[in-house]
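Let's start with one chain on its own, the form predicted alone, as structure tokens.
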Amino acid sequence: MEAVRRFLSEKSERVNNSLRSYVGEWDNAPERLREAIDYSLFAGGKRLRPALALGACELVCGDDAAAMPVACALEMIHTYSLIHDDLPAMDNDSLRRGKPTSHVQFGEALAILAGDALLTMAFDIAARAGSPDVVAELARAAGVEGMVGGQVLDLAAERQQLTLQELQRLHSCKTGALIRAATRLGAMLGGANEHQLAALTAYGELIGLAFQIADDILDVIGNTETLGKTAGNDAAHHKATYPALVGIEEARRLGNEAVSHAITALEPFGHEADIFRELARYIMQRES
């Protein structure tokens, strides 16, 4: 897993530098708003979604520079979703990435506005990639049929008994849509052909599924200190999760199966995609 950690660290450092450059352009933003944005945006995290976008672009064309604006936009959208997800009206969590959540630190109103600002400005930055198709793809992944739609399904599923198919649909929107978009957007900006785009789309879908299953398992068996967020929160809110539906062992089997299929999807790229293969394995083996 050391290669994966190096890959994520290198991409994360470059994404953070670019994010700071973009945020630094907002000269006329209220200082308190900038403070709230910085607090959540630079609180740490794996930067998985931007790393996937950069890696997919590099896999296709040998360089990741074209995908940097979209990589930053993906992280801004992800961060906004975490801020809003933690609000009292949603999951009502007090800890994120090992720190008090945004609404605990700044109050609900400013937390909401910081999330709103991150979402809005993400599209300003994504537009710098120079492709209307890319902006539209990102909007669909984040919107009513993607992440936001998945959040609605997640809230509606509390205290409900879902089928496995219904649970997979929920999480393919809530978590999977943005991960799938990351690999697709990177591929598109790298000039992928039809077969390359299809392969990286399938890979993104499958690791998105594995990522959510791993998250669900960690919420049961992990601890708050390691996770950086409140362990056991899913059960406390009667969330629809894979362990709750099929048990931990079957959930782990489904996650590993998704990883295996994701690795198979990368066959068109040969050994050039080895880091993505290792990343897929890492997703199910991680501890946070």
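Remember, it's a predicted structure, so these values are computed and weren't measured experimentally. One-based numbering along the sequence shown.
The same protein has a further form, the form predicted together with a further copy of the same chain, not shown here; the description that follows concerns it.
This chain is drawn without a further copy of the same chain; in the predicted bound form, the residue among G232, G247, P30, G44 with a heavy atom within 4.5 Å of it is P30. Site annotation in the predicted bound form: the residue of Q151, S172, T201, N92 reaching within 4.5 Å of a further copy of the same chain with a heavy atom is Q151. The closest heavy atom approach of H84 to a further copy of the same chain in the predicted bound form falls within 4.5 Å.
Not displayed here, a further copy of the same chain is approached by L110 to within 4.5 Å at the level of heavy atoms in the predicted bound form.
At a distance threshold of 4.5 angstroms between non-hydrogen atoms, M188 is out of contact with a further copy of the same chain in the predicted bound form. Taking non-hydrogen atoms only, W26 approaches a further copy of the same chain to within 4.5 angstroms in the predicted bound form. Contact with a further copy of the same chain in the predicted bound form, judged as any non-hydrogen atom within 4.5 angstroms, is confined among 192-200, 160-168, 67-75, 140-148 to 140-148. Within 4.5 Å of a further copy of the same chain in the predicted bound form, a heavy atom is found for none of F211, L254 and E257. Heavy atoms closer than or equal to 4.5 Å to a further copy of the same chain in the predicted bound form belong, across 94-130, to the residues E108, A109, L110, I112, L113, D116, A117, L119, T120, M121, F123, D124, A127, G130, ordered by sequence position.
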